[in-house]
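Single chain ahead, written as structure tokens, the form predicted alone.
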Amino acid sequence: MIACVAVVGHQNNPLYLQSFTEADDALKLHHIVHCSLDVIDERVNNPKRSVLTLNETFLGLLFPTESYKVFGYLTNTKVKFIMVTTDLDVKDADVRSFFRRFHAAYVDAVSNPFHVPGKKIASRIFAGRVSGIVKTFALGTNG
């Protein structure tokens, strides 16, 4: 089950963050998302990266905790997508599919002429699409 999803701007400013758990976990999940930004920066700015992986947007597993796994995705415009899941045996193919759909929803949201680039995404339509993608992911991984 996905516990949290986040969109973080290229200057590490939060653009969207949604928790799908109880309220007491929300602060903990925000902290996990914030900590994952350091891991993303480490991977992106690593000079030892090969040329083949420079074009890869899926960052894979950023780090596991005892009860969560954190996955990352980086767009061409350096916007970061972060997913925190409670499934400790989730497949990379499922996570890639989730991020592709999440990215498409993000592109639709920021393509809105009334959206101000770099500001938080406050669209109810985007929030609804994200919730739908999360529900579909939960159904796809459970059975």
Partner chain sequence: MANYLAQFQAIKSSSDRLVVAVEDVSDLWPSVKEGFEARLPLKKACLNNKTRNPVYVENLPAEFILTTDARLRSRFPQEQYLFWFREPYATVVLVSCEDLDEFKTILKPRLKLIVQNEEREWFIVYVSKAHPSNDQATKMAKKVYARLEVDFSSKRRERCCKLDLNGADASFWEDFDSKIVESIRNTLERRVQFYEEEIRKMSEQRLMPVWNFCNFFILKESLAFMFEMAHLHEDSLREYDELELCYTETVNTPGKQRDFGGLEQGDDQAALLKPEFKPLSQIVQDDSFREFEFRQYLFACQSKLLFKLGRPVEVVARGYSFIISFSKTLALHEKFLPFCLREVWVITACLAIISSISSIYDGELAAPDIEKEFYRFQGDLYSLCRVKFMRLAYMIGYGVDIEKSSVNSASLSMLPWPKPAVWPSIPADASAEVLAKEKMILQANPRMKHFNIQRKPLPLEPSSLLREANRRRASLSVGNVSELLDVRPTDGSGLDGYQRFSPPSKIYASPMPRTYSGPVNFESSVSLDRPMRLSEIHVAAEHALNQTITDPDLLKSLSSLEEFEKKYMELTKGAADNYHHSWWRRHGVVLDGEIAALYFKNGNYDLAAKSYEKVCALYAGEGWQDLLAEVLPNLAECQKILSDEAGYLSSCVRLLSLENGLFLTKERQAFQSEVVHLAHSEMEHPVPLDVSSLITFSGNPGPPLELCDGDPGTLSVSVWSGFPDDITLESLNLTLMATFNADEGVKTINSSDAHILKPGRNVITLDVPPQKPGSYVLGVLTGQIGNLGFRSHSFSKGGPPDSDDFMSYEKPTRPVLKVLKPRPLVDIAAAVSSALLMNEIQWLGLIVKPIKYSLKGALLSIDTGPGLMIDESHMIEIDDHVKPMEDKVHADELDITKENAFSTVKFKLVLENGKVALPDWASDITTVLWFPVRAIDDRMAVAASADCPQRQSVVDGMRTIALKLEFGAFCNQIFERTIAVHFTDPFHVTTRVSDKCNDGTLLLQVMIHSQVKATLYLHDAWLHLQPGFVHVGKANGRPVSGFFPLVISPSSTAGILFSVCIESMPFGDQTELLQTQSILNIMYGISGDRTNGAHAPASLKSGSNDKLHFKVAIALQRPVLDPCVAVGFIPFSSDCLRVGQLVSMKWRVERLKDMEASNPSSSCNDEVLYEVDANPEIWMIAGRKRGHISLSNARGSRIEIIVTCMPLISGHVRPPHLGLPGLGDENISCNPAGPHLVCVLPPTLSSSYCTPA
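Numbering follows the first chain given and starts at 1. For clarity, every value in this text was computed on a predicted model and none was experimentally measured.
The discussion below concerns the form predicted together with the partner chain, not included here.
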| property | result |
| --- | --- |
| Heavy atom of D92 within 4.5 Å of the partner chain in the predicted complex | no |
| Any non-hydrogen atom of L17 within 4.5 angstroms of the partner chain in the predicted complex | yes |
| Non-hydrogen atom contact M83 with the partner chain in the predicted complex at 4.5 angstroms | no |
| Contact label in the predicted complex: K135 to the partner chain, heavy atom within 4.5 Å | no |
